[in-house]
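There is one chain below, alone, in structure tokens, taken in the form predicted alone.
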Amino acid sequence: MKRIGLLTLIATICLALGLMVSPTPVVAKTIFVTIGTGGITGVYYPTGGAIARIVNKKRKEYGIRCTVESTGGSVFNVNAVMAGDLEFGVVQSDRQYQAINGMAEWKEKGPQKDLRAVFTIHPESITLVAADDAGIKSIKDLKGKRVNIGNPGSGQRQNSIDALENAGINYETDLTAEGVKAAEAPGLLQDGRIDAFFYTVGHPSGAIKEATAGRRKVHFVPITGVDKLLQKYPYYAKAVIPIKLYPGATNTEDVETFGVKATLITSAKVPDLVVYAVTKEVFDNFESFKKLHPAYEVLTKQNMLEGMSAPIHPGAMKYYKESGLDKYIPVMH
């Protein structure tokens, strides 16, 4: 990748010059890697931070300095990793599938052949939040309403469109679709400028807590009848939003929906050592990692190997084979 390639070149030159002028050992340059995440109120940003903290504890051992960048989400992260502007990105499982297969935003570019999977993380529910006074009891009631479906370039926008189309709703003609970032939607809902919003997110979420804590009463709208959708798109699965996490919402029971998984991706051009270090430190410190965010409570080492559609990076696979976890990796078809 651009930065890593440059660092390698600089280190090589420095080593050569050092050998010519002095027998003193040359200290290796630090390798800087950046993880692209999402909005700061979602789960992606703290997820990137959690991974970075764990890796940075071994900075002296690996020579890696890991930082986090708040970005526009999955599509941005895939494109930035492929361009060499980021080393890693947190990406929805559906976007990983589409990128490696040259679908959706990558239809014209074609399959992103250098895309590599590292592991999967928390499940993300496609969450529909509506104001009580907007008269929205089911997804079909969104017709004629003003609804935020997510900003262009975010993974959640396509999830919103899939959910709407599954319910027989055309987002371009049947409702007024807003395209703002998820972090801005709670404020718009509370201000009465939209009636509802979609957000594909792990729970609990700061943005959803904000939406349910204002003066305007809100509730979660169930998204059901998705069996055909799940058959069509294998990266989707049924999910449940635990209502105990949001005491400010007016629901009385857990809410049915469907969702995807957050995944960590990288590029084939990122050195094996870097990807190995990230993978090893997260899995070797698994119990500590799980405690870093409530959304990770459901994680197991086994389910962190499910939901990957791109080839697994050799650096990650090296660790999985060493630890015996490779037997849990599902066969890709």
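Bear in mind the structure is a predicted one, so any value in this text is a computation, not a measurement. Residue indices: 1-based, along the sequence shown.
Beyond what is shown, the protein has a form predicted in complex with ligand GLU; the following relates to that form.
The contact with ligand GLU in the predicted bound form, taken as any heavy atom within 4.5 Å, belongs to Val201 out of Leu164, Val201, Leu86, Ala117.
Between the options Ser154, Asn148, Thr212, Thr263, the residue in contact with ligand GLU in the predicted bound form by a heavy atom within 4.5 angstroms is Ser154. Proximity of Val43 to ligand GLU in the predicted bound form: non-hydrogen atoms within 4.5 Å are present. In the predicted bound form, ligand GLU sits beyond 4.5 Å of every heavy atom of Pro222. Using a 4.5 Å cutoff between non-hydrogen atoms, Gly63 does not count as a contact of ligand GLU in the predicted bound form. At the 4.5 Å threshold, heavy atoms of Gln96 stay clear of ligand GLU in the predicted bound form, well away from it. Here the chain stands by itself, but in the predicted bound form one stretch of 129 to 137, 192 to 200, 102 to 110, 222 to 230, 192 to 200, has heavy atoms within 4.5 Å of ligand GLU. Along 73 to 93, a non-hydrogen atom within 4.5 Å of ligand GLU in the predicted bound form is carried by Gly73, Ser74, Gln92, in order along the sequence.
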